[in-house]
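Below, in structure tokens: the form predicted alone, a single chain.
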């Protein structure tokens, strides 16, 4: 594999196609914020503004502006989104709503802490790009809200009752580890370092089952961690696991922790072995730890974001371990992903395929897809490849 040629392909896709697509189509110039429900050609098919998607756009444009000394319009796009979201998006306790309508009127309650998660990331990236104190204050506020809400993430919006067992959620801890990394990188803050250490230990020690070689999504807070008698307990999300492990690797690299590097790399191998579709290729969306029926009917679909996270995880592990397995797996996934998700006629990539790899939805953005996983993957993989070229 010619690493330089691969890097150039990733950079060209990002800067010549993906960023221009979102620049042209996502900005709501009348009310502020962004359109994320974009069809194949970039036309808007819905105007609801989902908070995760909105803040992710702020984050990416601010990140690219800071990293590349990018054009002023990138930070301007991020700034206008930030202003809209901070003006309209906060509930009374400072938490962010899940969604707003086009005009900025709240449409879905603040029941999900990942709105705060991505607000923290977006505001932190704005501070790094501009140095303006208001962005730092907002990043700290949202980060503290996220940590405060982890023990009771939905608060009064929780619909389950006492009959449902308590669980620890892998997603909460993996994102805490990444958020703390972002706060250190963007703010220069050590305030969240201990929270990051605890999150990393929790992910790698409590959610990983070394005998089964599976990373679970939900574990029991006390006693035997793994519940194999329920669908929720057996829930496996390979994409989450792979994303989580490159978060672990970036934490380990920053802290010069070879033990964690080796463990995260081993977990990546376990996830790929379990989560890869051996018949049609690609990575499953959801799985059951015992391969029993899954409650989610779309479990065997192939989505863009697990493949994006797999590519990053493989390159991180390849660079940090020098194990040839990871570069070989990267080449395999690179071929499958670019062949199946890339739209041959329009910019941006498809998001949803059936198990065989056939496109099921033409959308380029929506309630769950925005300017985030794909551009972050292209940018991060290019950066890893550059480092590998120089090794």
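Numbering follows the first chain given and starts at 1. From a predicted model like this one, the values you see are computed outputs, not experimental measurements.
A second form of this protein, the form predicted together with another copy of the chain, is not displayed here; the remarks below concern that form.
Enquirer: Only one of 192, 173, 285, 118 gets a heavy atom within 4.5 Å of another copy of the chain in the predicted complex. Which one?
Expert: Among 192, 173, 285, 118, a heavy atom within 4.5 Å of another copy of the chain in the predicted complex occurs only for 285.
Enquirer: Can you pick the one in 259, 105, 137, 273 that has a heavy atom within 4.5 Å of another copy of the chain in the predicted complex?
Expert: That would be 105.
Enquirer: Would 4, 76 and 331 all count as contacting another copy of the chain in the predicted complex, using a 4.5 Å heavy atom cut-off?
Expert: Checking in the predicted complex: none of 4, 76 and 331 is within 4.5 Å of another copy of the chain.
Enquirer: Within 4.5 Å of another copy of the chain in the predicted complex, counting heavy atoms only, one of 229-237, 265-273, 317-325, 179-187 shows up; tell me which.
Expert: Within 4.5 Å of the partner lies stretch 229-237.
Enquirer: Report whether the minimum heavy atom distance between residue 362 and another copy of the chain in the predicted complex is within 4.5 Å.
Expert: Residue 362: yes, in contact with another copy of the chain in the predicted complex.
Enquirer: Since only the chain is shown here, I'm wondering whether residue 93 would be in contact with another copy of the chain in the predicted complex (any heavy atom pair within 4.5 Å).
Expert: No, residue 93 is distant from the partner.
Enquirer: Please check if residue 158 has a heavy atom lying within 4.5 Å of any heavy atom of another copy of the chain in the predicted complex.
Expert: Heavy-atom contact with another copy of the chain at 4.5 Å: present for residue 158.
Enquirer: Heavy atoms within 4.5 Å of another copy of the chain in the predicted complex: does residue 205 have any?
Expert: No.
Enquirer: Looking at another copy of the chain in the predicted complex, which residues in 161-190 have at least one heavy atom within 4.5 Å of it?
Expert: Counting only heavy atoms within 4.5 Å of another copy of the chain in the predicted complex, the contacting residues of 161-190 are 161, 162, 163, 164.
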